[in-house]
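Consider the single chain below, provided in structure tokens and representing the form predicted on its own.
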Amino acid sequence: MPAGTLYRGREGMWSWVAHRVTGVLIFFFLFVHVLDTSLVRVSPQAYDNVVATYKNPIVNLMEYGLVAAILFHALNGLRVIAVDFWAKGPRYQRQMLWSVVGIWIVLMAGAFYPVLQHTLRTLFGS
């Protein structure tokens, strides 16, 4: 690509990308969730078998990732609403993004043990 033609956005571009990526990840989770929950109507035993496969550390880490995606998507969505509907929103969008990231980090740190306690106990004992 010729120099100067690639958009090198700053925080606004990366928050836009992260908002879209987290939205798509949440959508795919909901799709899989509806599919595996619908197994109850087909065969309760098949549903129990599928749910039993979810009880492993890798899926538990994916659950933590899901919490991270939902939380960021929700907080950033509130920021987008503020930017769109508050007259001074565009002026403070960068500060609001860093506030969202800070709140997200604090909440994710608080969710670490409650979400991952099964995996931590499995790997390191109780």
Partner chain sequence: MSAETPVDAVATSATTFSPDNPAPVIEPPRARSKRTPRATRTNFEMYGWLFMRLSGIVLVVLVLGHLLIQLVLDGGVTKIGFAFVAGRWASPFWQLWDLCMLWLAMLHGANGLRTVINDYAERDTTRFWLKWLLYTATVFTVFLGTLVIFTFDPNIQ
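Rigid core: the largest C-alpha set superposing within 1.5 Å between the two forms. Residue numbers count along the first chain shown, from 1. If you're wondering where the values come from, they're calculated on a predicted model, not measured in any experiment.
The same protein also has a form predicted in complex with its partner chain, omitted here; what follows describes it.
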query: In the model of the complex, F31 touching its partner chain (heavy atom, 4.5 Å); finding: yes
query: 4.5 angstroms heavy atom contact with its partner chain in the model of the complex for I105; finding: no
query: is_contact(I58, its partner chain) in the model of the complex, heavy atom dist at most 4.5 Å; finding: no
query: Contact label in the model of the complex: S38 to its partner chain, heavy atom within 4.5 Å; finding: yes
query: In the model of the complex: members of 53-72 within 4.5 Å of its partner chain, any heavy atom; finding: K55, N60, E63, V67, I70, L71
query: C-alpha of V42 off by 2 Å or more between this form and the one not shown on rigid core; finding: yes
